[in-house]
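Presented below, as C-alpha cells, is a lone chain in the form predicted alone.
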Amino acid sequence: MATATAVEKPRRRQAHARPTVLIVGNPNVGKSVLFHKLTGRYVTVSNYPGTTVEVARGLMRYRGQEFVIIDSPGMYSLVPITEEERVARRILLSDRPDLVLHVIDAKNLARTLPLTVQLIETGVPVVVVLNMMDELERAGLTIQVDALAQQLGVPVLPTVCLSGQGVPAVKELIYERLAAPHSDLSSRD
C-alpha cells in the first residue's frame, strides 16, 4: 500500500478551526485586490514586483461561515529565488491551507500555467482565478474557460477583480468547497 508524501498530504484541520484559503500568483496579477474584495481589508498595492512582502491575513464572512484568507507575496515558481517566494512556499507547504486560489493574469497564461501545475502537484486543492478578463477581451482574445478547467482538472473562474466581476462566484466556490454541508475537511488524510 502506497502512502502519501508530506507534500501530497493535506493538513488535518481541527473541528473548531476556520478553513484557510491561500491566495498565490505572480506579482501584479490582482492577488491583493482579490484579498480586499474577499475580506474588506486593504493591503499595500503598487505597480512593481515585491509590494506584498509581508503576509496579510483577514476573515471572509459568507453565508454564516468564516474563512481565513491569506494574501501571499508574489511568486513565479515553487523553487524559490527571492525571499518573497520563500515566504509564499513556506505557507503553502508547511501551513497546508485548505484551498489555494491561484490568481492568473488572463493575458499571460503561458507564463503562469507552470506554477499552476506545480501547485496542483502539491496535493492542496487549487482553484484558478483567471483575472483581468477585461484586458484580455480588449486585446481581442478569448480563453475557453471550461476547456482550460477540464485540461487542468481544477475549477477555473474568470474575474475582473478591480470591478468585482466574478468575485461572488469565487466566494461561492470557497463556501462550496470548505463549508457546505457535504464538505468534510476534518476527515481528509
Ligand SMILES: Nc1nc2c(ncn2[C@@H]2O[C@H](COP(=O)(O)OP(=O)(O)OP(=O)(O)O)[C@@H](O)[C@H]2O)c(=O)[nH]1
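Keep in mind the model is a prediction, meaning the values are calculated, not measured. Each residue number is its position in the shown sequence, starting from 1.
Not pictured, yet referred to below: the form predicted in complex with the named molecule.
The named molecule in the model of the complex comes within 4.5 Å of a heavy atom belonging to residue 74.
Remark: residue 27 counts among the residues lining the named molecule in the model of the complex, judged by a heavy atom distance of 4.5 Å or less.
A residue is said to contact a partner when one of its heavy atoms sits within 4.5 Å of a partner heavy atom; residue 156 fails this definition for the named molecule in the model of the complex, lying far away.
Heavy atoms of residue 162 reach within 4.5 Å of the named molecule in the model of the complex, making it an interface residue.
In terms of contact with the named molecule in the model of the complex, the residue from 60, 128, 70, 132 that brings a heavy atom within 4.5 Å is 132. Between 27-35, 61-69, 139-147, 118-126, the stretch whose residues reach within 4.5 angstroms of the named molecule in the model of the complex through a non-hydrogen atom is 27-35.
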